[in-house]
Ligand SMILES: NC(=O)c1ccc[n+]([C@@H]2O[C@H](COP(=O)([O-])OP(=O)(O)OC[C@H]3O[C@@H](n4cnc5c(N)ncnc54)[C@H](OP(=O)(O)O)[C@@H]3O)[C@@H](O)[C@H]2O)c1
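Let's start with one chain on its own, the form predicted on its own, as C-alpha cells.
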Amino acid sequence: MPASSQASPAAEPRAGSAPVAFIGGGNMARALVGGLLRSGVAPEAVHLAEPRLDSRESLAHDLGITTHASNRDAAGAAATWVLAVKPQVMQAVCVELSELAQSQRPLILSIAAGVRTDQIERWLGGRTRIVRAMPNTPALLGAGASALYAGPSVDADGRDRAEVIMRAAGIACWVDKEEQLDAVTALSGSGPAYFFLLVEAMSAEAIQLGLDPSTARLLAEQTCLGAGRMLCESDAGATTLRERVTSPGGTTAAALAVFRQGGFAALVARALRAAADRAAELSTQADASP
C-alpha cells in the first residue's frame, strides 16, 4: 500500500484554532464538532449553520458553539468549511455559497456521500481547494473510520486541517484516487450494517437453540465487541486470530466449514461490489447540472 494511503498522525487541534464552519447540523456534524471540542478546540472557534431552529438551539446548548440559520453567516466566519449536508441538496448549498467561496477561498471538506470533488468545485465556481471524506456511523461514539481524498489544489496544510477534523471522531487515512472512495464506502461506510446483520442472525439462531432473547443479544453483542478489540489491539491480523480460535475438529471448525460450503467469502465479495457500484451510481446521479 502506498505511504499516502496509510493512516497517519496529525497535529492535535488546540484551543484557539482557526475557526471552522459546519454547513449542516446532522449527527455526523455533531460527532465531529464534539470530537474537536474534546480535543481542545474552543467552542467560539466553531460556527454551524442549521435551518431548523430546534436543532440550532440544541447544538448551541449542548456544545456551546455559535449556530446560524444562514449558511453564508456561518461560512463567512471561517477559512475551513465542512459541508455536512445531504447529497441531494449539496448542489443548491454550493451554488448559494459560490460567491463567498470565490472571494474567501476556503478549504472545503465534504462528508457528503457520492458527491465528487469536481462537482463541488464546479458548483462553487471553480478554483477551490476540496477534500472529500467518507466517515462511518461509529464516529458518533468517537470510534469512526474515515478515508480522505485531497483534490490536486490542496496543499499539505489543507490536508493537515482536514485530517485533524476527521480524526476528532476516530481514525483517518488517505487514498490516492477519488474513485477509491467507492471501495471505502463499501467497506467501512456500509460495513457497520454488515456486522449488525450478523449479530441479528446469530442472536436469532441462538434463541432457536434455547437461549432467551436478552441473553442471546448480550452474548452476541459482547462477542462482536471483544473480537473487534482483539483485532485493533493485537499485532496479529484477522487470519491469525481466526486460526488461533479454530481447533481442528472442534466446534468453531464445524461452523466455519458451513460458512465455506455456503460460499461466504464469495457472498461478501458480491455484497461489497454491489455497494461500491451503487456508490459510483450515486456520484453520477448527484450531478444534476448540465
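Bear in mind that the values here come from a model prediction, so they are computed numbers and not experimental data. Start at 1 with the first residue shown and count on from there.
Below, we refer to the form predicted in complex with the ligand, which is not included among the displayed structures.
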Here the chain is shown alone; which of Ala101, Val93, Ala172, Val154 has a heavy atom within 4.5 Å of the ligand in the predicted complex?
-> Val93
Residue (of Gln119, Asn71, Thr80, Thr128) lying close to the ligand in the predicted complex, criterion heavy atoms within 4.5 Å = Asn71
Candidate stretches 174 to 182, 119 to 127, 157 to 165, 81 to 89 - the one whose heavy atoms come within 4.5 Å of the ligand in the predicted complex | 81 to 89
Using the partner position in the predicted complex, report whether Gln222 sits within 4.5 Å of the ligand, counting heavy atoms only.
-> no
Applying a 4.5 Å heavy atom distance criterion, does Thr215 contact the ligand in the predicted complex?
-> no
Would you check, heavy atoms only and a 4.5 Å threshold, whether Ala49 touches the ligand in the predicted complex?
-> yes
Given that the partner is absent here, does Ala29 sit within 4.5 Å of the ligand in the predicted complex, heavy atoms only?
-> yes
Since the partner is left out here, which residues of 103 to 134 would have a heavy atom within 4.5 Å of the ligand in the predicted complex?
-> Ile111, Ala112, Ala113, Met134
